[in-house]
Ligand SMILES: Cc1cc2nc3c(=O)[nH]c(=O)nc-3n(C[C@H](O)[C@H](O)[C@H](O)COP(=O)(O)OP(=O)(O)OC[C@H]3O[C@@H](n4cnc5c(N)ncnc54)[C@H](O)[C@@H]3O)c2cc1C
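A single chain comes next, written as structure tokens; it is the form predicted on its own.
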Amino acid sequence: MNIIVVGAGIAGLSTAWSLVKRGHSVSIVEQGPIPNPLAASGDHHRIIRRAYGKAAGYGRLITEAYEAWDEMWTDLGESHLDPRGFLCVSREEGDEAEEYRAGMEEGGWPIELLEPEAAVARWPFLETGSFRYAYFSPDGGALHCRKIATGLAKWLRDNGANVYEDSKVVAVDAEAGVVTLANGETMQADRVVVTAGAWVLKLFPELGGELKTYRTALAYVEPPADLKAVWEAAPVILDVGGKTDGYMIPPSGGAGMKFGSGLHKVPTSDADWNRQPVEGEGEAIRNLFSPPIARIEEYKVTEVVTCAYTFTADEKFLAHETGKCLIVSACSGHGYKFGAAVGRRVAQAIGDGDVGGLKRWLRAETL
């Protein structure tokens, strides 16, 4: 089957990878370079972790996610996963860190619970007296996005796929299976898979009732000199508790340390809107992390990167089929970790026609 994949983020690249392995003729079309600095695939790293709330269902899917990544590492010839585990800090009863703990305990997955004094002794970047408890799990780490995207693009070319960079798609005729590029050229296929991330609503605005676009930013920082060695060996910080909705990734894979917070996202009607960082934005993000991070102003902001995401109302993943086109939005701010598994599942649905099963899997419903 001749298939066009629109969008070379992690879902698109992984879908193309899995389709090629199933014997299909594949072309993947990306509006920018691969990796694209405006997309998650162009960032340095993203968290993979088992932790979700009890009802989410995604925690158990991480097993399949790890299996899919392992298959990909075999094909790429190297692993781009830093399995350093994750840490959560609870500051208020019932905060997100505590919800994650409940999900881990219900699933029977390993956590090590630490009283505040023990946590500060192990990770002295934490502020004494600012949190209730912390817990560590070995079941997580950091995925190196740029290395993954670069490796997949090379693998696709080496295995016969057509990889088109700097080729913006401006329209998709779902009934005819025709893709129109910004330069006026058209491409036709038996099937079209759209994994355009935050740009999907530009191609299918009718999905605006189910998907909303948000703009956010991430701050890269240089930690205090006396804490660098501690951070180098630290787990990823999945949640700093309270209402911060904040996560941190230590230096990993040659990339610097990153702070990000869900509090910083704002709705937008255009994924290309306001993509230049605003003065002081990095410091504003950084300062959200005190407490529980001690000496926050000593963390020097070195770079600010903007991002755009699509979210469903319940923060699950979405697939929509129309004509010869299958649209997949596996994002909602937590989709990168499932990228390899999403690609395999999409390729399977293209092969067996079970789009309903794909939708249930994307929503982490029992199959």
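The structure presented is a predicted model; accordingly, all values stated were derived computationally and were not measured. From 1 onward, residues are counted along the sequence shown.
There is another form of the same protein, the form predicted together with this ligand; it is not shown, and what comes next is about it.
>> By the heavy atom within 4.5 Å rule, which residue out of Ala39, Ala340, Ala51, Val26 makes contact with this ligand in the model of the complex?
In response: Of the listed residues, the single hit is Ala39.
>> Please identify the residue among Val304, Ala65, Leu318, Cys307 with any heavy atom within 4.5 Å of this ligand in the model of the complex.
In response: Checking each option against this ligand in the model of the complex, the one that comes within 4.5 Å is Cys307.
> Which among 84 to 92, 162 to 170, 291 to 299, 119 to 127 is in contact with this ligand in the model of the complex, heavy atoms within 4.5 angstroms?
Replying inline: Looking at the partner contacts, the answer comes out as 162 to 170.
> Does the 4.5 Å heavy atom contact test between Ala198 and this ligand in the model of the complex come out positive?
Replying inline: It does: once this ligand is placed as it appears in the model of the complex, Ala198 has a heavy atom within 4.5 Å of it.
> Can Leu203 be called a contact residue for this ligand in the model of the complex at 4.5 Å between heavy atoms?
Replying inline: Judged by the heavy-atom cut-off of 4.5 Å, Leu203 is in contact with this ligand in the model of the complex.
> At the 4.5 Å heavy atom threshold, is Ile4 in contact with this ligand in the model of the complex?
Replying inline: Ile4 lies outside the contact set for this ligand.
> in the model of the complex, does Ile47 have a heavy atom within 4.5 Å of this ligand?
Replying inline: Yes - in the model of the complex, heavy atoms of Ile47 and this ligand come within 4.5 Å of each other.
> Does any residue in 1 to 29 get within 4.5 Å of this ligand in the model of the complex, counting heavy atoms only, and if so which ones?
Replying inline: Val6, Gly7, Ala8, Gly9, Ile10, Ala11, Gly12, Val29, in sequence order.
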